[in-house]
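Below you'll find only one chain, the form predicted on its own, shown as structure tokens.
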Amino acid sequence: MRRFFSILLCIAMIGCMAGCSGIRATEPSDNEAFVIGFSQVGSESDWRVANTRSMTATFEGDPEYELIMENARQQQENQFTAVRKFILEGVDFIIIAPTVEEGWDTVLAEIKDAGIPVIIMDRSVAVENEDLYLTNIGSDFLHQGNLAVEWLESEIPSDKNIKILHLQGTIGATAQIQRTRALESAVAKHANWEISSQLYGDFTEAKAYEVMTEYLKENKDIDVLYSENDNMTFGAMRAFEEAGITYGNGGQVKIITFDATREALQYCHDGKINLCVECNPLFGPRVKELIEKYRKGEPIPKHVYVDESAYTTQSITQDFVDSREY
């Protein structure tokens, strides 16, 4: 494999790089496995944990593959360090789940110069030259947002004014950009819709609870919460309860959330969340399939989207919730 030709370089450079970055260096393997370096954005949500689990479970136990994963803890600079380490180690393939879209041109060019193919996973990258990566597999986040606003259109009479509180994820991440675009486009088309505020929740429950608690001290006139992932929704729900605000079916606030994890779907089934828009994290098998197609020289589409849907209390059963893998 490619990285056996770079062992001497790796030995010379990895120690220095690990010392500077704080990221543990992974020793080159002695077997003939196809080595994949995976830069995961972090472990900020239940969705991300399920995504990591899907990736590791797909490749573990398969002697033909070796997966080396680095957790970037939601810092793009950590991803740059991890990817450059993968290059020095001479891995056969690199997978990147990017923190944000911007800033990837230089690092991806370095990977291409090293002759290593790249899959961009989950989120997208904004680069001038799309030839810098092999394919992008993930969700159609704009479609997800459109599913949400279409449901809201069906729920809100055209003569009723509504105030929408928008809880945003990591600014610059593809999911944040596209889900925001869908909402803002819909609001522009509906004179009776208003975004009362856009709060930054960073896709985490703790941050969402913090900003929601502070916001609700002065502002409780909310008709709809549009929350860009489930964990932020859970934080917002806790803040609503402490502020004495009812939510869900029959409550003051209708809740729209994204991801549709098992916990969120349970809340939806119980009537506490009005709409769960699915974001499927189980990419592992599909990623492996794409890598195997690459190894066989078969054509690979530039963009691969996973199938997703949206769920309400009326459309799901307890059996469906219990069968959820994440």
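The numbering used is simple: start at 1 and walk along the sequence shown. Model, not experiment: these values are computed from the prediction.
The discussion below concerns the form predicted in complex with a small molecule, not included here.
Student: Looking at heavy atoms inside 4.5 Å, which stretch does the small molecule contact in the predicted bound form, given the options 243 to 251, 107 to 115, 147 to 155, 174 to 182?
Tutor: Careful reading of the contacts points to 174 to 182.
Student: N274 near the small molecule in the predicted bound form, any heavy atom under 4.5 Å?
Tutor: It does not: once the small molecule is placed as it appears in the predicted bound form, N274 has no heavy atom within 4.5 Å of it.
Student: I'd like to know if E89 sits close to the small molecule in the predicted bound form, meaning any non-hydrogen atom pair within 4.5 angstroms.
Tutor: Contact with the small molecule, no.
Student: Considering non-hydrogen atoms and a 4.5 Å limit, does the small molecule approach I36 in the predicted bound form?
Tutor: No - in the predicted bound form, heavy atoms of I36 and the small molecule never come within 4.5 Å of each other.
Student: Flag E66 as yes or no: does it have a non-hydrogen atom within 4.5 angstroms of any non-hydrogen atom of the small molecule in the predicted bound form?
Tutor: Residue-level check for E66: no, no contact with the small molecule.
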